[in-house]
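Here we start with a single chain on its own, the form predicted alone, put down as structure tokens.
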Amino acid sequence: MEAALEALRSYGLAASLIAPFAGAALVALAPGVRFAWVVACVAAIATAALTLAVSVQHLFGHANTDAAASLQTDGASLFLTPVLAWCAALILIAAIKFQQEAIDRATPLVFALVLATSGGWSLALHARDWVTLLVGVEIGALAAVALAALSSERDRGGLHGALRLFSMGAVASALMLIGTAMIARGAGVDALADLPMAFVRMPALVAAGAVLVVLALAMRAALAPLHAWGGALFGRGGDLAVLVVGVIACVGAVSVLLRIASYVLPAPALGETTAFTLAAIGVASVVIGSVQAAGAVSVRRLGFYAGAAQAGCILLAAALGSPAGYSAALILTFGMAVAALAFFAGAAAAPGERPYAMEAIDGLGRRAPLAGAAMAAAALSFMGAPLTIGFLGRWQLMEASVGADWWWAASAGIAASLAGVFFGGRLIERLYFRRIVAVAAPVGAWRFSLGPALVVGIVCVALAVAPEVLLRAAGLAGADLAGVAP
């Protein structure tokens, strides 16, 4: 037992990052759709279990990781990587239901791309230097683009969304490459952990680079008003693409942005500019995302815009740069991931020829009780209703904001909750109080593959009922990000 723990301590991190890419290679070469799906699920579950074990050991046990020179752990990576890994596993379990969205010969590749998307963002969350971080971000982003294109093969409208995601991603890649080069040049360091203590020779250059990096990741995370690519993809894209992009890619980008903020905010001559940029984008995303969600005519676009508003709250919490602010940001990111998982998985169960229309969910709570409950739970979390993880995150945001005399940030969180009451109530009314008008689509045995994602989404949204372990983990991770003793 001691030998196993020592091996986990020494090699667990590297193994957890290699596993999804090794699994993706095996899946891409697998003969047959069913066999490829089984291999992908095994690889994803093994990765998620290994990631969780590493995070628990190092977050609660305070163990040091003997990782490769290009890898490191911190509060963001230890708290959020298991969230991404388990979401990827649940999405892959459900992916067999969506195999008809892609041409048969490309289906194994689609499963492999889900693993690659998760693996890329996990690599970025553990990167020690800017080069490794860039590689991880590009792997995760390009895999998501390829998956969006392949899983929309039978609906040409979804290809337009994939093209927009690619074009906006190209702009984000250029901004991030320029921004990281400016930071490395002006600060004279390559490692992220060295930035807070670095002698910044050219403060203006480094500050401009930090702003470009924030803008690039905000574009990938679909923060308003930098989310123009989302309307087409979430309106007409395939269900699997919507799940992967909405749950893994967007949450992964927010997670990496939160991690970078923890290194940039304490850096000399950078903190004030970066905090202002984060707060400005955060407020804009809360306001614009809430307004667009209230006026959405597509159920999946409603979830996308609600997620943008939630991501804005995450940036407001991160801009505080305090242990309480980082803890609130981590809870909000966890809430964003599980609510998006429940929402988009529930929407995938909507029948009819136009599953992206609001009318498709009329009466869904009676036709598909589990899917309706998942969507209702996600809507309640997005609006910050009591006894949901969304409420816990918003409450922590307000506590941290008031403690720092950022009353306007607390007001933005309250405004997001008030706006959520409007679009969340509208969605719940359609789920349970509208007459069924959509014709039920033919279903097979594989429809049950959505069950784990729906159940886990509901349970995690309701985790605020007994959040002691989650709060403890977020508190330890937040203290680590802020560089203080827990």
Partner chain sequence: MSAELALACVLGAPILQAALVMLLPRPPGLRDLLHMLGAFIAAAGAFVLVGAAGEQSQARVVAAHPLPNMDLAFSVSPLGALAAALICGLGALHAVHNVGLARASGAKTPARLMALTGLANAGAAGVALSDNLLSMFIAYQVVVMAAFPLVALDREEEGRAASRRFLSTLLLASMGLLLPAIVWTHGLAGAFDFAPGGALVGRVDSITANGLLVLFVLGFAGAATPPVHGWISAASGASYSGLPTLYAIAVLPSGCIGILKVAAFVFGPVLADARIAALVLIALAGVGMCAAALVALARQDLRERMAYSCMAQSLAVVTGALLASPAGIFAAVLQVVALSCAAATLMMALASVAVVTERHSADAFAGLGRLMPWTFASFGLAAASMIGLPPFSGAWAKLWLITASASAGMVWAAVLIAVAATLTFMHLGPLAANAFASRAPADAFKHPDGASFWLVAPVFLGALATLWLLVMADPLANFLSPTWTPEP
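Positions refer to the first chain, counted from 1. On a predicted model such as this, the values are computed, not experimentally measured, just so you know.
Form predicted in complex with the partner chain: not shown, discussed below.
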Which of these stretches, 310 to 318, 399 to 407, 334 to 342, 273 to 281, has heavy atoms within 4.5 Å of the partner chain in the predicted bound form?
399 to 407
Non-hydrogen atom within 4.5 Å of the partner chain in the predicted bound form for each of A14, F21 and W86
no
State yes or no: in the predicted bound form, is some non-hydrogen atom of A385 no more than 4.5 angstroms from a non-hydrogen atom of the partner chain?
yes
Does S417 make contact with the partner chain in the predicted bound form, using a 4.5 Å heavy atom cut-off?
yes
So in the predicted bound form, does G425 come within 4.5 Å of the partner chain, heavy atom to heavy atom?
yes
Within a 4.5 Å heavy atom cut-off, is Y432 in contact with the partner chain in the predicted bound form?
yes
Answer key, the partner chain contact in the predicted bound form at 4.5 Å (heavy atoms) among V421, V38, V56, L29: the residue is V421
Sequence-ordered residues of 189 to 222 touching the partner chain in the predicted bound form, heavy atom within 4.5 Å
none
